[in-house]
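The chain below stands alone and is given in structure tokens; this is the form predicted on its own.
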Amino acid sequence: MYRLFYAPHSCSLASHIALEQTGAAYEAIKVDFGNNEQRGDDYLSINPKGRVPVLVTPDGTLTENLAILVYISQSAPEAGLTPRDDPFAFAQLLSFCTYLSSTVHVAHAHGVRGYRWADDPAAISEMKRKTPESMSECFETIETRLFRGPWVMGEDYGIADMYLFTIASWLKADGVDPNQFPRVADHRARMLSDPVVKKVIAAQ
């Protein structure tokens, strides 16, 4: 059985959806960010980075959302969440997901966790002011250049959809109107109607 450490409203939602989608046996363990549980010794002994998600597997512990998503998908290839026997298609999937993790997530974090990059209150305030513009630019790229349809990578539903759904859920809080991106908004509506996604959101 897997153990997934997650926090509500974080990127760990994507990994949670992937586990549920594959039908894997797992225990979901909430990490209380409100009480700084992620900085406590008990949690740091599991993940010294002090972040979520963490997936404890029979082979060891994994951190970083994308690594966990790939592991889950490749551990259950019958679920078809990543391309099989097509290295280029798999690399394209990783390219999209890496954009989410290294660019879009960071643009969001500048608004809510600017203290990671600066101590000056004016600098932190400027990062927060810039966040709606940065996130809008990222999602304009996704909407017009990267999203293939009907799912992110085309005809096949997979981990890129779970990841995009998770990060797109932050747009309103970042001061961005999601409706200016109709393809992403339609994608989100379809995800929200999925029974697996509904179950995971209710559990969190």
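Just so you know, these numbers come straight off a predicted model, no measurement behind them. Start at 1 and count along the sequence shown; that's the residue number.
There is also a form predicted together with another copy of the chain; it is not shown, and the following applies to it.
T61 versus another copy of the chain, in the predicted complex: is there a non-hydrogen atom within 4.5 Å? Flag for T61 set to yes.
Please determine whether K172 contacts another copy of the chain in the predicted complex, using a 4.5 Å cut-off between heavy atoms. Close contact is absent here: in the predicted complex, K172 is far from another copy of the chain, nothing within 4.5 Å, heavy atoms only.
Using the partner position in the predicted complex, report whether I29 sits within 4.5 Å of another copy of the chain, counting heavy atoms only. Taking the distances in the predicted complex, the answer for I29 is no, it never comes within 4.5 Å of another copy of the chain.
Test of understanding: in the predicted complex, would D120 fall inside 4.5 Å of another copy of the chain by heavy atoms? It does: once another copy of the chain is placed as it appears in the predicted complex, D120 has a heavy atom within 4.5 Å of it.
For the spot marked by R51, S95 and Y115, is every residue within 4.5 Å of another copy of the chain in the predicted complex through some heavy atom? All three within 4.5 Å in the predicted complex.
Contact set, 73-101 vs another copy of the chain in the predicted complex - heavy atom within 4.5 angstroms: In sequence order, Q74, S75, P87, F88, F90, A91, Q92, L94, S95, T98, Y99, S101 come within 4.5 Å of the partner.
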